[in-house]
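The chain that follows stands alone, in the form predicted on its own, written as structure tokens.
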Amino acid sequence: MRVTALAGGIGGARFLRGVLAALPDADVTVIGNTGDDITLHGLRICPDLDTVMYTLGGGISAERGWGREDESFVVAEELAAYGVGPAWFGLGDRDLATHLVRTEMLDAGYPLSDVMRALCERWQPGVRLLPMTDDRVETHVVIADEDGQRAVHFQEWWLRLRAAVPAQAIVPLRAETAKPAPGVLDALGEADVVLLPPSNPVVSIGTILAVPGIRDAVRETAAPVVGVSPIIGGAAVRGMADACLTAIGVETSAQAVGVHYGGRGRAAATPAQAGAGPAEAPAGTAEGLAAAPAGLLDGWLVDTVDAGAVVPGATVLARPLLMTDLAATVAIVRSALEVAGV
């Protein structure tokens, strides 16, 4: 089976670990978000790609969910002693080696897709890990605070400000002129199933879809497309996805995110939809979402507490969605495959 997944960082990486356990013989391609990428101290850092690589390659910090296991922060402490920031970005000593190798290769002229292939030679993540684009795209956030209206890098808004300052706009800079990395469109077109893990729907999945050609490839693939809700019971499972959803006018609910992605209209009602609620979307859906869906989903997997969710044009299946351990994650993956019909 050929599986293609669009993924952000921690949530996507943990879900993908379940994909590999549930489908050990599958050919899995991961299209990773690069909008979170940032240059610090002259080094190019790709947080989401590295989180997927480390998680699947056995090097991730299990406690933090990001960065390396058995990490130290001596270099970060020395930079702080010199008064050189930013102090809000956790640059670990082991992790530093990855950024040094990546930056050296990029400066030598290698595209990011080649760089990631070289880095994965060490980690052997068990998937083909592709950046969404080889072009430089960075997500910035427009905010207004005591310093007035300004744009900050997404990492600063997320890590230093903790998304506490409302976002007036979230913009993937240069995404409109970027091209999908080699292999991205083929992976979507040739897949047997396309999965949207429970990654942030705005700054992870949304940023990937902002690269011209990728959204259309998801819409047009012959494979079933199934998404897994990152929202359970009206709250984000991890992080501040609610702040991102508010910025684009989407309410924080499993139904609203599903409607934001939109159904492709291919899915017929099946027994999997038992208990999924009425035929029409109930009141309370964020205004305008149902009128202009993205048209991506054949299936939408929600938690049992959200069993009343309805996404027009998509089959909705309710199952427990907390990734408490690998067994629970495997069960979620199998539920996604069930709603996909593969």
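All figures in this text were calculated on a predicted structure; none of them were measured in a lab. In this text, residue numbers run from 1 along the sequence as written.
Absent from the display: the form predicted together with a small molecule. The rest refers to it.
Using a 4.5 angstroms threshold between heavy atoms, Y261 stays clear of the small molecule in the predicted complex. A residue is said to contact a partner when one of its heavy atoms sits within 4.5 Å of a partner heavy atom; W158 meets this definition for the small molecule in the predicted complex. Mapping the unseen interface onto this chain, G90 counts among the residues with a heavy atom inside 4.5 Å of the small molecule in the predicted complex.
The closest heavy atom approach of R128 to the small molecule in the predicted complex falls outside 4.5 Å. Comparing 299 to 307, 23 to 31, 44 to 52, 313 to 321 against the small molecule in the predicted complex, the single stretch with non-hydrogen atoms within 4.5 angstroms of it is 44 to 52. Site annotation in the predicted complex: the residue of R215, R174, R162, K179 reaching within 4.5 Å of the small molecule with a heavy atom is R162.
D95 is the sole member of E138, E251, D134, D95 with a non-hydrogen atom within 4.5 Å of the small molecule in the predicted complex.
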